[in-house]
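Below you will find one chain, with nothing else, as structure tokens; this is the form predicted on its own, and questions on how it binds or moves follow later.
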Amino acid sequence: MHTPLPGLLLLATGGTIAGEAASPDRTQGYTPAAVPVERLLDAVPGIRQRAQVRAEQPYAIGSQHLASSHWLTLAARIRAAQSDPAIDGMVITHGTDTMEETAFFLDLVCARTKPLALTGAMRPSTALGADGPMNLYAAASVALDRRCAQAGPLVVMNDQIFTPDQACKAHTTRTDAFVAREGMPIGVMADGMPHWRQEPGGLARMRPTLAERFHDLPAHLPRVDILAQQVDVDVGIVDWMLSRGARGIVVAGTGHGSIADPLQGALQRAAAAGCIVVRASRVAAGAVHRGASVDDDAQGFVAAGFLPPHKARLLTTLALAAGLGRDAIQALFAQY
């Protein structure tokens, strides 16, 4: 008896994986998002032998140009696909600059009911040794693995598989640009198939989700800004951010989320006025623990735990959109 192929939804959003350069030796100076989704598929014919592929192009941009409206569009499509019985798994092709943020966003707002993999490339599609086709095939393999049904969005790059909270772009140009911010990838690819170091759904059960609070996605997200602690930082930036409507400020602090005294005073005033102030660190690894280096209780601050500033900003804006207060937001951060 013929067994029907599983259904795979491919959502192409642009990025380097869909990039074109003037010559095959060019790996920089290319045009991102120039290749349509059907041409991406044509470069990986093996996918169609494993799945019935439904290919869509919600938008086509370099991911440095993403706005939260793009995230909300993508989340709405993912949520619809999760209730479509013809779709067994999903793949998103994406620019690498903000892919880890998109994965983290989707993990927070979408239910974890079907496999979802995000992938991209560090070389354009026209380059010698382009990494996009293998990355796309690997992502499809992950999305077709039923063990990933409750795993949430996974980032698949260079034969490695990362959870959305741990995925981190750590190099500007190399094909092995992605690493796990703390520890190791959750799995690796070999001969086109995923091999798991940890059960894919296990870590997801430890991560918080806001999906149940978003029966309907918001039309827009509250403004949350990132402020870098630096030598001679202008503390007036805090008041400027508040005047522009910031409901949260994430500080990319030095060391263990440390903040200079003048800036700390300005942020304490902002927190007292109702702004959510989150202490993160500009350091590449390690956590910012509550009460260490700064008296968070006295200042009214939130400690980011293991989340870097850009993911801390995302968690804060989504928590605010869900109507959560400071204590509930701190409880979310404590789960990372």
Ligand code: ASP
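These figures come from a predicted structure and were not determined experimentally. Position 1 is the first residue in the sequence shown; the rest follow in order.
Omitted from view is the form predicted together with this ligand, to which the following refers.
> Choose from 248-256, 214-222, 193-201, 93-101 the stretch whose residues reach within 4.5 Å of this ligand in the predicted complex, heavy atoms counted.
Selected stretch: 93-101.
> Is it the case that Ala151, even though its partner is missing from this view, gets within 4.5 Å of this ligand in the predicted complex, heavy atoms only?
Contact check for Ala151: no, nothing within 4.5 Å of this ligand in the predicted complex.
> Give a yes or no for Gln64: in the predicted complex, does one of its heavy atoms lie within 4.5 Å of a heavy atom belonging to this ligand?
Answer yes; at least one heavy atom of Gln64 falls within 4.5 Å of this ligand in the predicted complex.
> Considering only heavy atoms, tell me if Thr316 and this ligand come within 4.5 Å of each other in the predicted complex.
No.
> Although this ligand is absent from this view, report whether Tyr30 comes within 4.5 Å of it in the predicted complex, heavy atoms only.
Close contact exists here: in the predicted complex, Tyr30 approaches this ligand to within 4.5 Å, heavy atoms only.
> Check for me: heavy atom within 4.5 Å of this ligand in the predicted complex, for each of Thr16, Ala121 and Lys169, yes or no.
Yes: each residue has a heavy atom within 4.5 Å of the partner.
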